[in-house]
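Form predicted alone, single chain, as C-alpha cells, below.
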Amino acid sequence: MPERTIVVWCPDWPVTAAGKAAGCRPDAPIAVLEGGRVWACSYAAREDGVRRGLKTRDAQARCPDLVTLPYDPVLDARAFEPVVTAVEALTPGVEVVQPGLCALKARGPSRYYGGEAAAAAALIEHLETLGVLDCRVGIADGLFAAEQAARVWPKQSGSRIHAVPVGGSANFLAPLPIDVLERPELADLLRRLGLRTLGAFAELSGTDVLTRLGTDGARAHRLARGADDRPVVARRPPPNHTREVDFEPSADRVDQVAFAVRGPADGFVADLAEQGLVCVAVRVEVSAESGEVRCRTWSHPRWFDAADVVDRVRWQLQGIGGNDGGLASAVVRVRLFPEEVDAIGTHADGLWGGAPDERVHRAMSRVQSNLGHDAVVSAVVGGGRGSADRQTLVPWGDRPIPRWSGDLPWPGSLPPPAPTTVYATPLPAEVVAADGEPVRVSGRGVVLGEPARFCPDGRHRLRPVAAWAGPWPVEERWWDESAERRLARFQIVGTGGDAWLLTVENGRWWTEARYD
C-alpha cells in the first residue's frame, strides 16, 4: 500500500511570484512567458481566453490588457521558500516537488492534529496568516494521487481540502485524462491506441506495458493504477544566511541606515566564510515606512566583503533619496540575501600575492566607493548597426550585459574591424568630389560623386582621399516619423594612413569614429 501523503498546492505560483516581484495587482491579467509562449497565466487572463502554450501575440490578441512577465525559475524558488518554511514550522519532513507544490507524510500531522482533515485545515490557516490566500490540500495514497487530489478538488463542496479514502486512489484516478501523467509522447501514443483516461491505461497488463513501452511506461502505468510507491523525501533546510536590520524608530537619512548595516554586513560575510563560501551577488531589500519595498541585485567582479555590502546599500538608498542625504520615505527594514555564492577557494589570492586584475579591481572599487556607483564604468560590446549603438557602459562590478545581443542579424551594420575611438557626439565633417561638389547618396543608396577630398573634423583644410568603402545604407524606425533615420556610412582613409568612419544624413556629413 502506498504511503498516505499530504500535498499543498498553490495554483498559478509562477504568476504569483512574478506578479508580486513586478508590483502587479492580484486581480490583473498576467501571463508568464518562456521562449515566446505562455508558461502560466492568472485566472483573469484565463477568463479572456489565454491558455498555456499560446504564442505571445495570440495571447495579447485575446486579452489586450495582458501584462507579460518573463519566467524566472530562481524567482519562483526564492518566493516559495517562505511558504515551505511556514509548513515546516507546523510539521517537519517537507519535500519540495516544485515551486508552488510541496508534500509531506500524513501519519505524523494526522496524529498530532487529530486527523488528516484537521492537519490540512491547520496548514491552510497558517499559510493564510502569511498572505497565501489561495492554497489547496490533497490527501491520498501516494504522492501522485495526492497531487491530483489537490489539483482537481471538488469546487461544489466549498472546501479547499480533498481527501481520497484509504485504498481509493485507483478509483479516483480512473476518470482523469491521460495528460496528467505529464509525458506528452506517451500520452500521444496512448490516445492513438484509444486509451484516453488513466483507468483505461491501468487496465492493461503490467508485463505488456513493460515490454511495449519500457521502464518509463511501466512507471507511468503504476501511477495510473494508484500504486505510486515513491516515498516522500524530506528536504534538508538550507542554512539561513539572510541578515535583517529593523529600524525603530524609522531612519530617514542615508548615513544612518549605512551605519546601522555595518555590523550585520560583517556577520553576513563571516557566516558565509564559515561555510567556505563567498558572495558574488547580493540582493538588497529596503522596506520603507510608506509600505514600498525596493529590491535590487548587485553583482561583484570578485566577491563581496563587508565594506562592499555597505556601499551597495548606500548606493541603493541614494538612488531613491535626495541629493541632501535624506530619504523620501523613512526606512523601517533592510534585508540582505546571498543571491549567488561560490566556493572561497575559487577566489583565493595567488601564492605570490594578488594578480594585476585584482589590484585594478581594488583601485576601481576604492574610486567607486568615493564617487558613487555610476562613476566608474566599463564598456561592453554588443549588437547594433552604429558604433555608438554597439557599446554599453556598465557600472564597475555589474554584470557585463550589452544593450542589444550581438547574435541577432543587423542589416546595414559595418564589417569588422570595429573602430577604436567612438565619439560621444559626432563631429561635423565634409566630403567633396573632384569637382568640389559635396558627395551625396540617393534614396536608393547610390553614391552621387566619388569622394576625392575630405575633412573629418570640420576645422582643417580638405585633404586627399587615399581609399574609401561604402555606402552602408541604414533605414531605422521607418514606422515612427519622430524617430525615423535614413543614413549611409562610409569608411575613408587619408593619404597619411588615418582611417575614419563617416556618416551622411540629410545631405550633411558627420564623423562617428576613428580607426587607430
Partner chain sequence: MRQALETRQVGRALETLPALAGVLPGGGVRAGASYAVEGSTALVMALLAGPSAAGAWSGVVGMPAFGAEAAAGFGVDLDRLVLVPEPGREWLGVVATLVDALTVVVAAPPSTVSAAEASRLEARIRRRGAVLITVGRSWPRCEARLRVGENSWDGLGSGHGHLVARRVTVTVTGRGTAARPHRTRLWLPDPAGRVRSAEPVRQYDEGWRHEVAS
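Note that the rigid core is defined as the largest set of C-alphas that superpose within 1.5 Å between two forms. Positions refer to the first chain, counted from 1. As the structure is a computational prediction, the values presented were derived from the model and not from experiment.
One more form of this protein exists, namely the form predicted in complex with the partner chain; it is left out here, but the text below deals with it.
Using heavy atoms and a 4.5 Å limit, would one call Gly496 a contact residue for the partner chain in the predicted bound form?
Gly496: yes, in contact with the partner chain in the predicted bound form.
Heavy atom to heavy atom, is Trp472 within 4.5 Å of the partner chain in the predicted bound form?
Contact check for Trp472: yes, within 4.5 Å of the partner chain in the predicted bound form.
I'd like to know whether Ser290 contacts the partner chain in the predicted bound form, with contact meaning heavy atoms within 4.5 angstroms.
Although the partner chain is absent here, Ser290 would stay clear of it in the predicted bound form, with no heavy atoms inside 4.5 Å.
Taking 4.5 angstroms as the cut-off for heavy atoms, does Asn370 touch the partner chain in the predicted bound form?
Yes.
Is it the case in the predicted bound form that Met364, Ala375 and Leu393 each bring at least one heavy atom within 4.5 Å of the partner chain?
Yes.
Considering Ser250, Gln275, Ser329, Thr421, which brings a non-hydrogen atom within 4.5 Å of the partner chain in the predicted bound form?
Flagged contact: Thr421.
When the partner chain is placed as it is in the predicted bound form, which of 62-70, 481-489, 42-50, 463-471 ends up with heavy atoms within 4.5 Å of it?
Answer to the contact question: 463-471.
Align on the rigid core first; then say whether the Cα of Trp500 has moved by at least 2 Å between this form and the one not shown.
Trp500 C-alpha, core-superposed: shift of 2 Å or more.
Once you line up the core, how about Thr85: does its CA shift reach 2 Å between this form and the one not shown?
Where the cores coincide, Thr85 shows only a C-alpha shift between this form and the one not shown that is less than 2 Å.
Once the core is aligned, does Ala28 move its Cα by at least 2 Å between this form and the one not shown?
No: Ala28 shifts by under 2 Å between this form and the one not shown.
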